[in-house]
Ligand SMILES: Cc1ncc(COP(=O)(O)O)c(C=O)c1O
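Read the single chain below, which is given as structure tokens and is the form predicted on its own.
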């Protein structure tokens, strides 16, 4: 077997966290030892410093560390008083947690269609869905770029409806000079390990510039109690642990560099696919994407994915079933055809490896495998 054959037989993962860890291992291990030596695992100085640093990075006054990105959404909605009888407008083409949290609180998720170019919702898509029961709008900054917050906030402000940014995939992304999470009443982050700013387990954060809302979130994440054993409201156990906070603090120092490399990899893909039938990501004017995912659209998506799997190239479909078509939301009465842009995207999108450690040779191999399949009419 030739060297080229051996090289081309090497698997390319969707994300290589081992490669990332190798570059920061010497920074990470000492801080983990410090937390272990201190034996302060829940809350404490590491969590406080993490909250301050992530908030400052996001141009927000307050950071409230919580157990996961899902709990950040849930706690944020609880802080805004979302409950039975309320309606919450959100995208259908997104991860389940956003809609699931609405239902967990007894409210009704109202799904709207996405922009076919950016996959995000817009002020235009939201406006027709507003009713007298609408109590919250939740744009999701999908795949690493912000939704059109300018148009969304214009619609929301006219109706005095709060906006909560779901920035689980977009920490550090920018819309018209403003950071994700700094534009709405509050924003939420996920530190799931696969995120650009990932912990060594689950973790999340609520960000806000509203002092009163921040204090309410802090109460809610700790069973609504302050001081200990005195409960003003009913909350939950949403506390970020110190080991995850310590890891996040180290990774935050590298985040801009990683995001820049992802952008460079995206630019290389764009060049490799230029002139082909592959639809590459559209980044809206005024947006800076962190490319949490690099998502293409292609004909014969499922067959292409099988071809790439056989070639040992990992891919993922974000997301194969829009929320309005999920079985658990069948009682809402939605059907196929209601949100055509979401449904078409679900049938055509495919995420490629985009992690910072991805090499030029690997990208060229991925692009060649895709183009040869599509050009052959596979």
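Computed from a predicted model, the values in this text were never measured in an experiment. Numbering follows the first chain given and starts at 1.
We do not show the form predicted in complex with the named molecule, though everything after this point is about it.
J.: Does the named molecule get within 4.5 angstroms of any non-hydrogen atom of residue 76 in the predicted complex?
T.: It does not: once the named molecule is placed as it appears in the predicted complex, residue 76 has no heavy atom within 4.5 Å of it.
J.: Is the gap between residue 195 and the named molecule in the predicted complex 4.5 Å or less for some heavy atom pair?
T.: So residue 195 counts as contacting the named molecule.
J.: I'd like to know whether residue 58 contacts the named molecule in the predicted complex, with contact meaning heavy atoms within 4.5 angstroms.
T.: Close contact is absent here: in the predicted complex, residue 58 is far from the named molecule, nothing within 4.5 Å, heavy atoms only.
J.: According to a 4.5 angstroms non-hydrogen atom cut-off, is residue 208 in contact with the named molecule in the predicted complex?
T.: No, no contact at 4.5 Å.
J.: Go through 267-275, 210-218, 187-195, 295-303 and give me the stretch that gets within 4.5 Å of the named molecule in the predicted complex, heavy atoms only.
T.: Careful reading of the contacts points to 187-195.
J.: Quick one: from 112, 97, 88, 199, grab the residue that has a heavy atom within 4.5 Å of the named molecule in the predicted complex.
T.: Contact check passes for 97.
J.: Is any part of 152-170 within 4.5 angstroms of the named molecule in the predicted complex by a non-hydrogen atom, and which residues would that be?
T.: Those in contact are 166, 168, 169.
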